[in-house]
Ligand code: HEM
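Only one chain comes next, encoded as structure tokens, the form predicted on its own.
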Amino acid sequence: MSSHAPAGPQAPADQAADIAAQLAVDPHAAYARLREEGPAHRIAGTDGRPAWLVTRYEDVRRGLADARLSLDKRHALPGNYAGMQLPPALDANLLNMDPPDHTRIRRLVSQAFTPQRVERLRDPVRRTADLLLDALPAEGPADLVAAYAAPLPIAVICDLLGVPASERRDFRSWTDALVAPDPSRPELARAAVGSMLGYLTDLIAGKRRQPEDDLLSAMIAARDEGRRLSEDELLSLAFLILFAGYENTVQLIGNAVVALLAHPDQLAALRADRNLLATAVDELMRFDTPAPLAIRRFPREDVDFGGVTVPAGETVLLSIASAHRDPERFPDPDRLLLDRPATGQLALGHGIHYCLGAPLARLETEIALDALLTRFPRLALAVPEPGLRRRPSMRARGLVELPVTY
């Protein structure tokens, strides 16, 4: 990418595609150049179509809470956005909604994710973490993603929803196919969508026959008794909780472990003082956020970003990863500093779309790291950090595997 690359709508298509490719391979270096060049850039978006990428902290933070930027695809220009192709039964979720529908549905499930209710999960989450660590081979190496970072959030979110242990499927293969699809095999993503829809349909039918004291049963009651959800909204909400509640936490735990092992001084500080964990999680989210881009938005009217006007109906991608490395907001942003004041990071959103599951994600990550560091005082990467395999994705920053010794 040239340091003189135009950021406006005249940017050539091959250059827009080149920017997107660099963001998937070396995002932090690419974002640093883009922040210097301008506040908003025309790129090839996650669906290959033109989009506007917003890179500076203040613009990203304002954009996350700007009511003029709609999540509803009906505000996109015809043919301007393709995105993930979901059937209507999975598409009526909070990531595609504005108020008042967004407000109504969010209110229904918000009580399940209050800090107080989530805190009651601390002991069960710790027991699950310890059981997973017990199951690791006595001697490494082991893949910490497959053996720990992935199964822990699956167990937690399934317990919350009330998914019986005997019915839990391989969510990781489904979410991998959706988050980082293979462009040469689009049938894999379609098959994953079909599998998840069939699974959730059967699960809800079973809960209707035999409701229990869990979140999914409560959501079904809200649908069937109060008529506060349509059937598509019920299915879509279950899909979103499973998908988002699992996917981002897997990547957050994996990225956090790598960041700590790559910064021995910060790891030593955390080992010496576990009271650092709360601020450490915020800093680890900032340093290597699992979701580099906020969910796409569509301006209801022309919107200005630092002097660059984005027309109504265009696709806007707010870069959380770039905002997190903006030196105008975070001094020395490329350094991991676990005692950095825990304010300003946007990994869990901002405004009315702030992540419902934020308290749970924080709790899981704190416990996952604490249990791991307690159990393995000599934890280390089994391969040099540059040799770790990451997903080739612009919208998901995560590891394919994390080989460690202990």
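Start at 1 with the first residue shown and count on from there. Computed from a predicted structure; not experimentally measured.
This protein has a second form, the form predicted together with ligand HEM, left out of what is shown; the following refers to that one.
Heavy atoms within 4.5 Å of ligand HEM in the predicted bound form map, among the stretches 345-353, 50-58, 32-40, 376-384, onto 345-353 alone. Using a 4.5 angstroms limit between non-hydrogen atoms, residue 297 touches ligand HEM in the predicted bound form. The closest non-hydrogen atom of residue 45 lies beyond 4.5 Å of ligand HEM in the predicted bound form. Residue 241 belongs to the set of residues with a heavy atom inside 4.5 Å of ligand HEM in the predicted bound form. A residue is said to contact a partner when one of its heavy atoms sits within 4.5 Å of a partner heavy atom; residue 320 meets this definition for ligand HEM in the predicted bound form.
Annotation: in the predicted bound form, residues 255, 287 and 399 none come within 4.5 Å of ligand HEM through any heavy atom. In terms of contact with ligand HEM in the predicted bound form, the residue from 106, 169, 329, 274 that brings a heavy atom within 4.5 Å is 106. Proximity to ligand HEM in the predicted bound form, defined as a heavy atom within 4.5 Å, holds among 113, 148, 81, 174 only for 113.
Along 146-163, these residues reach a heavy atom to within 4.5 Å of ligand HEM in the predicted bound form: 157, 160.
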